[in-house]
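We begin with a single chain expressed as structure tokens, specifically the form predicted on its own.
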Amino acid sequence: MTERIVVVGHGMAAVRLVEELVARGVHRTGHITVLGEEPHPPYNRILLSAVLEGTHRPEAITLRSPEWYAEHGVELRLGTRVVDVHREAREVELADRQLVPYDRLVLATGSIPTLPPIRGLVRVDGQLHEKVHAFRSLDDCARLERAVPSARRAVVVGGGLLGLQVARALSVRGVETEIVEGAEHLLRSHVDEKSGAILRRSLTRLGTTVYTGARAVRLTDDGLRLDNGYTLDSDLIVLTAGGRPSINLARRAGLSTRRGVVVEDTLASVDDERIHAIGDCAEHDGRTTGFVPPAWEQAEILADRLAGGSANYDGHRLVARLRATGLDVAVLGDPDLTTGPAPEGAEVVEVANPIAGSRRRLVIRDGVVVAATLVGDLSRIGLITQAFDRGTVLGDHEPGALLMGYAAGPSPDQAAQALPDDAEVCACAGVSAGRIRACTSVEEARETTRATTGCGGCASVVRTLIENGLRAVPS
């Protein structure tokens, strides 16, 4: 009997799942249906800020075209909203009351924005004030893009990864930009106070004013009022703070939910082994991630199980990257370890240059890297990620050697050439240097390995490896 797999959502986790199912031949033995609420083909949300910045065209961030789905016999329905899951009948109900049967259901519904408690954001008719913009979707990005040419000043509410990306994109476009962050430092959920201070100084040098420890409370005709008494004049207000996993569908279906849809190591719901959840909406071991690398790892593991394998998800691989012009940040490991002091039994090894705007920090336990923070200098990210993923036991002097940047060693090109074939280059897709060297073009690497299609932070290393590989081939 042909197994019917229905995927609700068509974001980055869903695309990766379908790619992995196709790679395993599941599309030939079963029927795969993808139900996407947005009218656009699936795209890379991380690169929306690059579209706003003007370095990428909207079509360049498309992950897979409708033609690709059709070529592989995968049914892709765009502009389709799922309103209910009927578990006993094994059907999902669409907004038009059509029923789609399933044998396996995958919830990849992502996250949804939440409005911060700022009075005046919403007009009497229920619509956002014309100055106010969300930034979660391609349509949000297009609306903000249309407003940028006539804007002189902008305020970004939220100093997280997305807020910093949007702020840099607006600044690059010539808009005078300010960031308002309620926490005491930027990237509070990912880095500690010292790293946050370095980011603040870097943004100030790049022309962006940062207000931390302040909350926006009201939008008036005069501007955006803060709780510290300041009022910021602005033509644009961009909301990047506040979001939560989209779990209403799962909750209506009677599945266990906390912050996300509660899943086992198999990524199946704890209540129904035929329903799975991956990506932002999934909660495993009490944690939701919100990042691409764990979502893609979940997609690979679930594809293995749907193909008859026995892989389990252990949730260890937490990687966050910031993609923004002039700002470089990478964080590995549990946020409790990257944002606070080292726990008992662990040691911190750190190299910092606040004047140059860089700080590299490792948390070591029993000789193993259990967390890392790199701000302003990602020259060692490949080797550090490799040690982190493998749980490599380091010698007494090796943590310090891992942190030494190019100023004390080879150039970026030389360092890329020196990477061993098994060193990880793309943290999002888990791609090694050897797999990149086997490609003859960046396009081939993107297509066959998915490198550069996540946060984009590996693009320069990928390009260098391929160019050096081509030069090494005898003519």
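Numbering starts at 1 and follows the sequence shown. Quick caveat: nothing in here was measured; it's all calculated off a predicted structure.
Below, we refer to the form predicted together with a small molecule, which is not included among the displayed structures.
Taking the partner from elsewhere, no residue among Ile198, Gly333 and Leu378 has a non-hydrogen atom within 4.5 angstroms of the small molecule in the predicted complex.
Of the candidate stretches 24-32, 43-51, 66-74, 434-442, only 43-51 has residues whose heavy atoms lie within 4.5 Å of the small molecule in the predicted complex. Proximity of Phe291 to the small molecule in the predicted complex: non-hydrogen atoms within 4.5 Å are present. Not displayed here, the small molecule is approached by Thr109 to within 4.5 Å at the level of heavy atoms in the predicted complex. Residue contact check for Gln165: one or more of its heavy atoms lie within 4.5 Å of the small molecule in the predicted complex.
Contact check for Val8: a non-hydrogen atom falls within 4.5 Å of the small molecule in the predicted complex. This chain is drawn without the small molecule; in the predicted complex, the residue among Val82, Val175, Ile364, Ile118 with a heavy atom within 4.5 Å of it is Val82. For the candidate set Ser202, Gln386, Thr338, Ser246, a heavy atom within 4.5 Å of the small molecule in the predicted complex is found for exactly one residue, namely Ser246.
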